[in-house]
Ligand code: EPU
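Shown here is one chain on its own, the form predicted alone, set out as structure tokens.
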Amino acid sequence: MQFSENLSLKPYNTFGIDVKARKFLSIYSLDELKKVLRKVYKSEIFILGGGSNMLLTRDIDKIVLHIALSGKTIISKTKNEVVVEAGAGENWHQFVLWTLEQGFGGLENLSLIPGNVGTAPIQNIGAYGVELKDSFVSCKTVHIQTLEEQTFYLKDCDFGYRNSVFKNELKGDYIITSVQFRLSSQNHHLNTDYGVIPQWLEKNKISEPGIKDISNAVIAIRQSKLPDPRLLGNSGSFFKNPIVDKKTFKSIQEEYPEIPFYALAENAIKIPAGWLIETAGFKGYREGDAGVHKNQALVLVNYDKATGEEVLNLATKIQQKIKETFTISLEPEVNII
């Protein structure tokens, strides 16, 4: 357990926002976690994972618990499937690469997503046609007030689009300590049709891709569009892709025939938020050190010394413009704190 006071959280959030934590504790074991929770009230703590899905707008006048539980384990294995478990503090992308090195399939489309394993279920992270829930088995947790250990299975998590029970009715009640996934050990089902993955495979003359090929494609595509948080502060996609009914979509399509879309159900159409923002004129837009990335309008960035409040003001400005232009309400994907 490592303890600090008045510590800058700039290295601990991918936006690179320089706010301070009154007290900061890195937690490396379940015993350490329970020891701390026995001594503090729920209202006194702030849980921090990989810091990849948040925008910090103020100093944290609480005890910040940085969850750093590590470990990767093969729980069970059959001819075609394997169940693996990872500690909440494991870096997500490094965990995905580990599964691929073992020959396990299922997470390759989720390569290069920033953050840690423990926060992935909260957001039900997803990319290129795959979501975490597709391979999720369970997650182990500790109740912050009672210290009771509880396992949440797929049916318990109420996963939705970038959503889960941990973002709603159970928000702030549990700390995830590890997550289990069911992956394929052979006869992998590959998701190759989403976005520009087919073009990348064709360009690289890969006619029979494997799981590592799909991962390489996703990594290359993400790197071409998304800035590296280590070089340019960001939290990946800032807004959710809005889902509208057919009537709303048709009215927009009449004015913008080129609008891209994904049909989800009979009366549900997903529209890329990045296209809406770019069409509204914000791609590459900048106000001081807060801006919209030049290659991907869905990504808000901190060029150097932007405050969280400045980034939030820009996000609000974008939301207002999208509402005026398209009558669509953009919802943040990141947590505003």
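Residues carry their position along the shown sequence, with the first being 1. Keep in mind the model is a prediction, meaning the values are calculated, not measured.
Just so it is clear, the following notes concern the form predicted in complex with the named molecule, a form of the same protein that is not shown.
Peer 1: So, in the predicted bound form, is L48 in contact with the named molecule at a 4.5 angstroms heavy atom limit?
Peer 2: It does not: once the named molecule is placed as it appears in the predicted bound form, L48 has no heavy atom within 4.5 Å of it.
Peer 1: Using a 4.5 Å heavy atom cut-off, state whether W98 contacts the named molecule in the predicted bound form.
Peer 2: The answer is no: W98 has no heavy atom within 4.5 Å of the named molecule.
Peer 1: Check whether K35 has any heavy atom within 4.5 Å of a heavy atom of the named molecule in the predicted bound form, and answer yes or no.
Peer 2: K35: no contact with the named molecule in the predicted bound form.
Peer 1: Given that the partner is absent here, does G274 sit within 4.5 Å of the named molecule in the predicted bound form, heavy atoms only?
Peer 2: The answer is yes: G274 has a heavy atom within 4.5 Å of the named molecule.
Peer 1: Counting only heavy atoms and a 4.5 Å cutoff, which of 69-77, 145-153, 258-266, 182-190 contacts the named molecule in the predicted bound form?
Peer 2: Stretch with heavy atoms near the partner: 258-266.
Peer 1: Honest question, do Y12, K62 and I176 all end up within 4.5 Å of the named molecule in the predicted bound form by heavy atom distance?
Peer 2: Verified in the predicted bound form; spot residues all out of contact, no.
Peer 1: With the named molecule left out of view, which of K167, K246, K225, K212 would have a heavy atom within 4.5 Å of it in the predicted bound form?
Peer 2: If I apply the 4.5 Å criterion carefully, the residue I get is K225.
Peer 1: Work out which of W200, F136, F159, Y128 lies within 4.5 Å of the named molecule in the predicted bound form, going by heavy atoms.
Peer 2: Flagged contact: Y128.
Peer 1: Going through 175-194, which residues have a heavy atom within 4.5 Å of the named molecule in the predicted bound form? Please give them in sequence order.
Peer 2: Contacts from 175-194: just Y194.
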